[in-house]
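Structure 1 and structure 2 below are the same protein chain in two forms, each given by itself as structure tokens.
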Structure 1
């Protein structure tokens, strides 16, 4: 097991370095000039440009910039934002907690709801419940996340006026204690519901197909022939084997949800990393972009390592 974990950790580190290198090259060769954005389109002072390029290390060749940034990143220094003139790591830390709250809540809820729906549909294949769940899943799978979010805003905020439309808290009040928690929960309902509904089809399909595949295995037929109860067969053998693909899917979707929640954060004005990414892209804020992409790649690699290890614990055959 230790050897297996060591291999996965080494693979994760290599993946992070490769992704970081690709992002660094793409960001630096993309059209746009961060110094020109900072100076203003009407200003063309060579001395000011030279000073700004020296301040942010943009006067060095790309290989030197790469090595310098990598060395500083290993120390926890992701540079200074060109637009905000603040440490990038501090800016990301301030926004990341809100994103993680949104991501974890929606990922766990979608895992539970989608998996339960898939298991019920598989055990009642071709029934009315199966047809309803499958149709519901197909419809949700074709709905764009931003459109669904806007629809929720119109329905529950504009028409019914029962839920807030934007933000994480009510800026007009200063709640504390349980009142603050309840305020955050109310603001989470719409963005979390949007993310959950968008993810349910994925878990539904995986869970249903996995259960059906295991149920049709020869060893399940043998257990039934011995007279073992269906409930015991499902709980002890079918569920344990069928849940493995769902665990893998959860890890992958959780990792990529951190990167893909940007659009939902923008729609609901959620104070996460979404707006920070959008501003950094528009303003060509290279340090902020590289810092965010580095955090994203690390989160994906870490989640993949955790899922691989968890998968090996659930299925010992994977270790060998």
Structure 2
């Protein structure tokens, strides 16, 4: 086990190094020179240029530059935003809580709903419920998340005017305490529903196929032959074995959500990192874009590492 954890942590570290390297390579091979990329194509301030050249050691050979870049990045210095003239890392951390709120809420809800749907479909295989759930999940799998969000907006801003379709709070009022929480929850309903619907197929598929797989194993047949009640077999034996793959799926889903949430935040004008991404794209604010990419990649690498180790602990058969 210790060996496995050690190996997995090492892979995690290599992954993070590769992410930094990709970023470094991109800055260097992008059209135009790196300084221009970092300070904006339109600005030409000799002082700023000199400062950037000094900071990244741009007169040094490439390998030295790479080390300087790594050192800065590992210290948490991801550069300065061209547009806001503020440290990128600060801008991102400010927006992070709103994003995490969306990601975690929808991750947990989709895990519950998708898995329950999968289990029901597997236990009643080929029934009408199974057909409906499977078809629903198949179609949802093909739906672009942002378009689904737009459909909700069409529906709720024109027909059903009961839910807010924009932002995180009602800016015309200044609620405090419970009223504030309720306001945020109301604003969360549509973005979270979109993300949950998009995630359901992932869990549904895994839950259904792993329950079916376990049900068809010999030991379940033996248990049935002993006359044990179907309900008891399921609760005691099938469920425990079938739920394991969901752990890995949860990791994959979180990784997807961390990047996928950007689109949904933009659709619903949610004040998280998504807004930052959109302005950074429109204003060609590359340091900010790169900083967001780094933070996303590192958090995904760390999360996948934790999930893998957790999985190995839960399932002693798994050792890579």
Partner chain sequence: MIETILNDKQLFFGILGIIFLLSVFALAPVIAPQNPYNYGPDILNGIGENGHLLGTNKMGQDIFSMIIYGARTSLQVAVISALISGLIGIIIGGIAGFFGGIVDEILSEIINIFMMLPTFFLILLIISLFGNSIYNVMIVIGLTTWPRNAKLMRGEALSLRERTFVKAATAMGENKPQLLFKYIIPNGLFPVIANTTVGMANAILTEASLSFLGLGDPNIISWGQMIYEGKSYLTSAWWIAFFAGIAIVITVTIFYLLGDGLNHVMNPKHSVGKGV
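These figures come from a predicted structure and were not determined experimentally. Take the two forms, find the largest set of C-alpha atoms that superpose within 1.5 Å, and that set is the rigid core. Positions refer to the first chain, counted from 1.
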Requested in this report: Pick out the form predicted in complex with the partner chain: structure 1 or structure 2.
Outcome: 2
Query raised in the report: After fitting the rigid core, is the C-alpha of residue 281 off by 2 Å or more between the two structures?
Result: yes
Report task. Align on the rigid core first, then pass along the CA displacement of residue 66 between the two structures in angstrom. Result -> 3.6
